[in-house]
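Coming up is one lone chain in structure tokens, specifically the form predicted on its own.
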Amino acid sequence: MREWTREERYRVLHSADEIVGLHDSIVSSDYRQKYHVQPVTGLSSDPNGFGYHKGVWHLYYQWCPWGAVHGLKYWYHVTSEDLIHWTNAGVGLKPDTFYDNRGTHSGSAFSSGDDLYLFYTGNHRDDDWVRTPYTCAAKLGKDGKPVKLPEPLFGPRDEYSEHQRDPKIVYVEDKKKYFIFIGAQNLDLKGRALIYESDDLLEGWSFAGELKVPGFESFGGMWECPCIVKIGGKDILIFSPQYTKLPGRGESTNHNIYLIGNMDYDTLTFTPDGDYQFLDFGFDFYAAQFAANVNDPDKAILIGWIGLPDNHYPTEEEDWEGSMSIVRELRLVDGKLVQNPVEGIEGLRDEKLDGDGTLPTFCELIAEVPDGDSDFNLFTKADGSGGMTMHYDAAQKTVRVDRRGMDKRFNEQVGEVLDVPLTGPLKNIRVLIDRCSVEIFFNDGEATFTSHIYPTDSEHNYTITEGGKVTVYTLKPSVIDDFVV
């Protein structure tokens, strides 16, 4: 693994010519995705600025152009008309002011009238490398490029650590107010969310207080990417707690969870209906964000980063890393979020195969499993050995996913075996495979499992318990991997 100096990681990109060679070298990689958003070069991490505006879906992602390393972050911009086919639009936000001199960090978007607004964290560092986070805003210009406000909306609170970031803006109709949720850490190193309020999008912001979540006062060491939405009359709060281990999650200290409950903006209290639930049970899913301006009371639109902070992946050797998940539609059913691929993704299906045990490079599988214990294994050798195994224990109603059989192993110290608990018997499994990712939907979206995976030439088969049935579709590409900066 390459060691990067601070100067290399925080180098400013002055011209596209500086990275065109890097792009040329990675587009031929065996692991470039075909229907997932991925970095044009270097590293992609958190999804940012996700929203619908005047007939177009806008998505940005955290981008470090130089390689598979967390360094100077930009917002890279992609667009879509259907949340399935994505086109590179070039750099969005650049770290080019005093307030964001060391990075334009994560944030959100909001469409109002003819304008799309972006809210982000300006990562400022002084000569001694002391961080000051600012909450900043920009408005998308007619040329599609953001125009930043000359001053931040507000700066950090002294009674919290330097970790104050990831503004998520929401409008509360009955209050006629805008609210910004900020992920934070208090001086006791406990995770928190801060709330600011204003009558206006771009001015008049004041600190309203700390979000109170009864029962979660000592949960995690930092709450990244807080995000709130209403589905079916209930408020859904998601965030990514860091610096903590959670039961059943191995050695990982980075997670993505959700709470169902009710948000009171008068008391700034989110009252959960019950305990937290995992947004995704996989090895690599983080920093998920709801899309803004969906305007459907019964569903939300969500995307996440396929990756985790501090983890490392095989394509680091090729100087790139990271993908966005496919876009998901979320509904609330019996006290759980049910997630499924966005409507219309079936249109990518190309050829329906006989299901002879061969696994195409990028494809969709629909598996029906028999009653009782069962096994469904992906990326096996031709003789059925190895691969990523899924064993369903009917007595426990749990699927155990194990990727230790893959030729290319990574992040072994974090864990390579995880369980997926189900509320009822396992009936069906839907799997979407791209060149370096797998997204699994159990029981029509009751639970999901997302993972990076890097199969070799000999790992293109699958097996299923006798009595099981698998339908395989090859898929058409939907992401244009053009060099646009």
Ligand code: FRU
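In case it trips you up, residue 1 is the first one in the sequence shown, and so on. Quantities reported herein were computed from a predicted structural model and do not represent experimental measurements.
Quick note: we don't show the form predicted in complex with this ligand, though the next part is all about it.
Which listed residue (K168, R192, R403, H105) meets the criterion of a heavy atom within 4.5 Å of this ligand in the predicted bound form? Spelling it out, the residue with a heavy atom inside the cut-off is H105.
Option touching this ligand, based on a heavy atom within 4.5 Å in the predicted bound form, out of D284, E364, D100, E224: Only one listed residue qualifies here, and that residue is E224.
Non-hydrogen atom contact Q62 with this ligand in the predicted bound form at 4.5 angstroms: Flag for Q62 set to yes.
Consider S451 of the chain shown here, and say whether it contacts this ligand in the predicted bound form, taking contact as heavy atoms within 4.5 Å. Close contact is absent here: in the predicted bound form, S451 is far from this ligand, nothing within 4.5 Å, heavy atoms only.
Heavy atom of R328 within 4.5 Å of this ligand in the predicted bound form: Looking in the predicted bound form, residue contacts with this ligand do not include R328, since no heavy atom lies within 4.5 Å.
Using a 4.5 angstroms cut-off on non-hydrogen atoms, would F239 count as touching this ligand in the predicted bound form? No, no contact at 4.5 Å.
Going by heavy atoms within 4.5 Å, which of 452 to 460, 25 to 33, 45 to 53, 424 to 432 lines up against this ligand in the predicted bound form? One stretch meets the cut-off, namely 45 to 53.
Sequence-ordered list of residues in 289 to 322 near this ligand in the predicted bound form, where near means a heavy atom within 4.5 Å: Those in contact are W305, P309.
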